[in-house]
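For reference, the chain that follows is the form predicted alone, supplied as C-alpha cells.
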Amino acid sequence: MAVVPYKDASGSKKSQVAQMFNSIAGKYDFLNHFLSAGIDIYWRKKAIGLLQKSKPARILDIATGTGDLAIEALKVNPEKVTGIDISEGMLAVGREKIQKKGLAHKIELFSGDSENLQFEANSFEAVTAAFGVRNFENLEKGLSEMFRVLKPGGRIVILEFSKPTAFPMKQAYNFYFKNILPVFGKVISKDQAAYTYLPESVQAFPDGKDFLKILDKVGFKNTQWQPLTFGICSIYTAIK
C-alpha cells in the first residue's frame, strides 16, 4: 500500500501530495533549510556539479517545487531550464523567487505531472530531480518518462533522501526523523501530515542499490549511487 500524506482521505497519492505541498508552500523553503541545518543547499550544489562536464543546453527539473534546484542548475550555464511540478502553490513561490532574482529569461516553471510529461521524446540533455521521485505515485512510470524525454547520451541526476545504515547515525537519524522533525514541521507549517509523511515516505523508498535496479530496468545505463552526509541523502546518476 502506498504511503500517503493524509491517511483518512480518499484521494490518490498524487492528489494528496499536491494538496500537501500547496498547504506548506509558503513555509517550504524556510523549513527545508531550517530542518536540514542548511545542508540541503550543499546537496543541491553537489548534484548540479555532476553536470559541469557535459554542459547540457536544456535541463528539465522534475518536481521542481519552489525552483531551488532549477536556480542552482544555472551554474552549468544552460540555454534554458524548465521546471515542472503538480503543486501550483509551490510554483507560485518559485516564480516569484525567480522573478525577484531576474532569472525569468533562463528558467520557466510549468504545472505538470511527472508521470505524464508534456514534452516530446529526446527533448533535454539533462533531467534533474531533488526530493521529488519519492513522491511519485508510480515510481517506475515516472522514471520511464524521464528516460523518454532525455536525449540519447543525456544524463539524469536525482537527489533523494536515503536511510543511513551505520551506528550511531542510523539511530540518531531515525530519532530525529520520527520525533523532532514532525513536531517542528507541524508548528511552523501548520500541517502535521506533511512532516509525518516525510519520514514514512523515506522509509518506504527503495534507496541505494534497489533504486539503481529500477533505473536499470527502465533502460538507463551507467547507473551510479553516491551517498552524502553519512547516508542521509544520496545522488543517483545515469545515462540514456
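These numbers were taken from a predicted model, which means no experiment stands behind them. Quick note: we count residues from 1 along the sequence shown, nothing fancier.
Same protein, other form: the form predicted together with a small molecule, not shown, and the subject of what follows.
This chain is displayed alone, yet in the model of the complex one of V93, I86, V149, L139 has a heavy atom within 4.5 Å of the small molecule; that residue is I86.
With the small molecule omitted here, the record of contacts in the model of the complex names 127-135 of 166-174, 101-109, 127-135, 71-79, defined by a heavy atom within 4.5 Å.
Within 4.5 Å of the small molecule in the model of the complex, a heavy atom is found for all three of R44, A63 and S114. Heavy atoms of N32 reach within 4.5 Å of the small molecule in the model of the complex, making it an interface residue.
The small molecule is not drawn, but in the model of the complex it has no heavy atom within 4.5 Å of F205.
Residue contact with the small molecule in the model of the complex: F220 places no heavy atom within 4.5 Å of it.
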